[in-house]
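Only one chain is shown below, in structure tokens, and it's the form predicted on its own.
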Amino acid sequence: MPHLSPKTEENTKLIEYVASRTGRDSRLETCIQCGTCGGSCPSAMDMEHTPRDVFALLRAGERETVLSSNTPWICVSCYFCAVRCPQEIKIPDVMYTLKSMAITKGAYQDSAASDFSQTFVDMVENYGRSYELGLATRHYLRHFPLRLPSMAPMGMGLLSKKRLNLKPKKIQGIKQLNDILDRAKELEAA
């Protein structure tokens, strides 16, 4: 086996690191750069890099470029790319890993997406489900306060149709959910 240069070793380590952090046999290393993921993605036109580009950047060791990209944040986790991937790569799972890495490193360029994600997680931890009114209100107050008044008619319509709750409701068994989430955090840290 030929000796790898330090740069090549570093590149290999980055893609292996992301694959190992993703877990559940992400198959990330098997990407053949076919482009099916980007061609399948309903959000691709808003991404700085398609998933295929992200995987190529990971292979090239471009950590900062990948972690500052909006791609993981634009991914809507519809899994259409994963279903169509000939290599069966768990693309949305990889995107979650990249989000986590970007948050840890503070590498994202716009905090709106990561704040939204964290607010959603906080609400699930507190209530066991999303609380849409609180989520939208907190997000818009923090990042887009001038847009909030334009959201009022839609909010009123949702309230009148009983599609939006004024107060959050906790699920039954919230303690069991929190036990599961705590265990997941322990496993992730290990």
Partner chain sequence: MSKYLYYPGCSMEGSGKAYHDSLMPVCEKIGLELQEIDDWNCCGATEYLGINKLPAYALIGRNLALAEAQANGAKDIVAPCSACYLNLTKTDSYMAKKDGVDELINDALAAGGLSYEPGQLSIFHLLDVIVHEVGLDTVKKNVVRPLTGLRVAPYVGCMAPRYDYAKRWSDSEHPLELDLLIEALGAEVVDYPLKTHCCGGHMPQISPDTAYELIHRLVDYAEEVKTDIMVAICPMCQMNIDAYQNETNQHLGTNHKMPIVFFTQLMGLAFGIDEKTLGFGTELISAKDALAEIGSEKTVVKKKRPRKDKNALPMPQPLISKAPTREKEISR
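Residue numbers count along the first chain shown, from 1. In this text, all values refer to a predicted model and were calculated from it rather than measured experimentally.
Below, we refer to the form predicted together with its partner chain, which is not included among the displayed structures.
Engineer: Quick check on K169: any heavy atom within 4.5 Å of its partner chain in the predicted bound form?
Structural biologist: It does: once its partner chain is placed as it appears in the predicted bound form, K169 has a heavy atom within 4.5 Å of it.
Engineer: Heavy atom to heavy atom, is L14 within 4.5 Å of its partner chain in the predicted bound form?
Structural biologist: Close contact is absent here: in the predicted bound form, L14 is far from its partner chain, nothing within 4.5 Å, heavy atoms only.
Engineer: Is there a heavy atom of I32 lying 4.5 Å or less from a heavy atom of its partner chain in the predicted bound form?
Structural biologist: Answer no; every heavy atom of I32 is more than 4.5 Å from its partner chain in the predicted bound form.
Engineer: Decide whether E62 counts as a contact residue for its partner chain in the predicted bound form under a heavy atom distance cut-off of 4.5 Å.
Structural biologist: No, E62 sits far enough from its partner chain in the predicted bound form that none of its heavy atoms falls within 4.5 Å.
Engineer: Check each residue of 132-164 against its partner chain in the predicted bound form and list those with a heavy atom within 4.5 Å, in sequence order.
Structural biologist: Contacts from 132-164: E132, H139, Y140, F144, R147, S150, M151, M154, G157, L158, K161, K162, R163.
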